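Just one chain follows, in the form predicted alone, and it is written as structure tokens.
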């Protein structure tokens, strides 16, 4: 009799837990503003992992996918996440960012329960302990691949394909200085799961899609991969446009500079646009600033003017933002 009672109690507990899980609001998994491939695909991959672990989760995006991300979603037969910019009162996992200026505007009114990122820590604070996976890899999806392995949960074919696309995007087809051996290993594993026989061929098609910007306004191109930072009390925006060949935008510099000046009037101290040439592995940096001297000191240059060619510079997080932070810290004038 005692065993029967214990069994019935265990059944009731399991059923009650199932009801709670079924009725509880899912955790929201969301990337940064102006989402790129990694931001969106990481949200999809992590939401699936959490759901498979019995923790209902929903991927979201803070904007529409750019042309490269659309390519990856279509190639991998994945649906774009719903767009949502308000998370007040919700449980949230942040992916691919930890800066308040890149998070939903009301993130302080949400309960952040997790963080998965490969950037610098951006000042995020929480009231309770949270699950944190932060590593200096080339891509957030690489970290999420590690999380699947740790959990012993297989990655679905379509999601593996999307994660591969995210790594290709963030590492410029494994050529960026941010690329680690773990990114390379994860790419090989994900390609095998996804049935991608030639990573280079798949990646070239993806990077061509990244370069398909005909008909897109300078303002939209500027904002589609814009990240905003608080640099010692000053608001700085660093946008990046990665292209197979900068000849595509050679005649549009004045358009970009005009769009940058308009955006700067929205309370920015400086706006930088990285026009990155994937083939030549360098960046034409466009600058609009209240104090160009600070920007010049960040790169050890005497004079930038409105633009300067930076050979070998392709990574915003590793080769641009750290120097800017130090330069703004060293400048006392607010």
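For clarity, every value in this text was computed on a predicted model and none was experimentally measured. Numbering follows the first chain given and starts at 1.
Keep in mind that the form predicted in complex with another copy of the chain is not shown, yet the notes after this line are about it.
Colleague: Using a 4.5 angstroms cut-off on non-hydrogen atoms, would residue 71 count as touching another copy of the chain in the predicted bound form?
Modeller: Contact check for residue 71: no, nothing within 4.5 Å of another copy of the chain in the predicted bound form.
Colleague: With heavy atoms only and a cut-off of 4.5 Å, decide whether residue 131 touches another copy of the chain in the predicted bound form.
Modeller: It does: once another copy of the chain is placed as it appears in the predicted bound form, residue 131 has a heavy atom within 4.5 Å of it.
Colleague: Would residue 124 show up as a contact with another copy of the chain in the predicted bound form if we use heavy atoms at 4.5 Å?
Modeller: Because a heavy atom of residue 124 falls inside 4.5 Å of another copy of the chain in the predicted bound form, the answer is yes.
Colleague: Given that another copy of the chain is not shown alongside this chain, does residue 210 nevertheless sit within 4.5 Å of it in the predicted bound form, heavy atom to heavy atom?
Modeller: Close contact is absent here: in the predicted bound form, residue 210 is far from another copy of the chain, nothing within 4.5 Å, heavy atoms only.
Colleague: Within 4.5 Å of another copy of the chain in the predicted bound form, counting heavy atoms only, one of 200-208, 213-221, 183-191, 110-118 shows up; tell me which.
Modeller: One stretch meets the cut-off, namely 110-118.
Colleague: Would all three of 136, 317 and 325 be in contact with another copy of the chain in the predicted bound form, where contact means some heavy atom lies within 4.5 Å?
Modeller: Checked in the predicted bound form: all three residues contact another copy of the chain.
Colleague: By the heavy atom within 4.5 Å rule, which residue out of 91, 264, 234, 146 makes contact with another copy of the chain in the predicted bound form?
Modeller: Going through each option in turn, the one that passes is 146.
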